[in-house]
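To begin, one chain is listed below as C-alpha cells, in the form predicted on its own.
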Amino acid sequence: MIGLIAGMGLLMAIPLSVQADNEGMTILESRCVNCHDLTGPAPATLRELWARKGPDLFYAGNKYKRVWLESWLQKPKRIRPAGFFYVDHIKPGEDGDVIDESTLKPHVALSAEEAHEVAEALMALKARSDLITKGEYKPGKISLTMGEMRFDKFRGCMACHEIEPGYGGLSGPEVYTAARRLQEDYMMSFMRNPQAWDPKSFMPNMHLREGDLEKFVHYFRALSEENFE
C-alpha cells in the first residue's frame, strides 16, 4: 500500500504536459511508426527513401502548427493528392496520368483526446532546430494574382503543387492549406534548402532570393484565407 501511494504521488508530481507527451508518444510508437520515422535521421539512400511510407516526424515540432495537427488528426484529409509517392498511385488516362484511388489508403483518425495527446508529443520533437531562425518570417501581404504569377509563371511550382483543389500538379503536397499547417519560419528554411532537411527530397532547390522566400509565405498565407475546403 505504501508503495502504491508513493507511486501515485510520483505520478502526480509529473507535470500534466509531460504526462500528455508520454501518452501521445505511446500512441505514436504503437500506431504510427510503421509509416513515420520518429527518431531520424532522414533517408540517405534511395533504398531508404522508397521504404518511407509517410513524412518524417522527428522534427514535427519545428514544422507543424499544433492547432492544425490536433484538428487534422481527428479528420485526416489527404495533403498529397496522389499519395506520398506519386508513381505508386497513378495509372494512364485518356489525357495523361490519373490518380488510381484504389491504391490509396485513408489515414487513421484519432479521437479528440488521442489527437490532443499526440499533437503535444509531436510538438516536442524538434530535431534540426539549427536550421530554424525564430522570427525570421516577417508578416506581410501579396495579392493572389501576384503570388500565383510568382509561384506558377516565374518558378513553375504548379507542375507539382495544387494551389486550389483540382488546380495544379499532383506529385507534391497541395499548398492552399500550407500556411495553416506549417510554421512560417520552417517554410522559409525548407524552401531555402530542402536538402538540408531531407537529403533525398524530391523538392528541388530553386535558389530563391531571400525576398522571394518571404513573398512565397505571404502567398501561402493569402491562399489559406480562401474558402477552398
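Quick note: we count residues from 1 along the sequence shown, nothing fancier. The structure presented is a predicted model; accordingly, all values stated were derived computationally and were not measured.
One more form of this protein, predicted in complex with a small molecule, exists but is not displayed; see below.
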The small molecule contact in the predicted bound form: G168, any heavy atom under 4.5 Å: no
Exercise: P43 in contact with the small molecule in the predicted bound form, heavy atom 4.5 Å: no
is_contact(G172, the small molecule) in the predicted bound form, heavy atom dist at most 4.5 Å: yes
Partner proximity in the predicted bound form: L208 to the small molecule, non-hydrogen atom cutoff 4.5 Å: yes
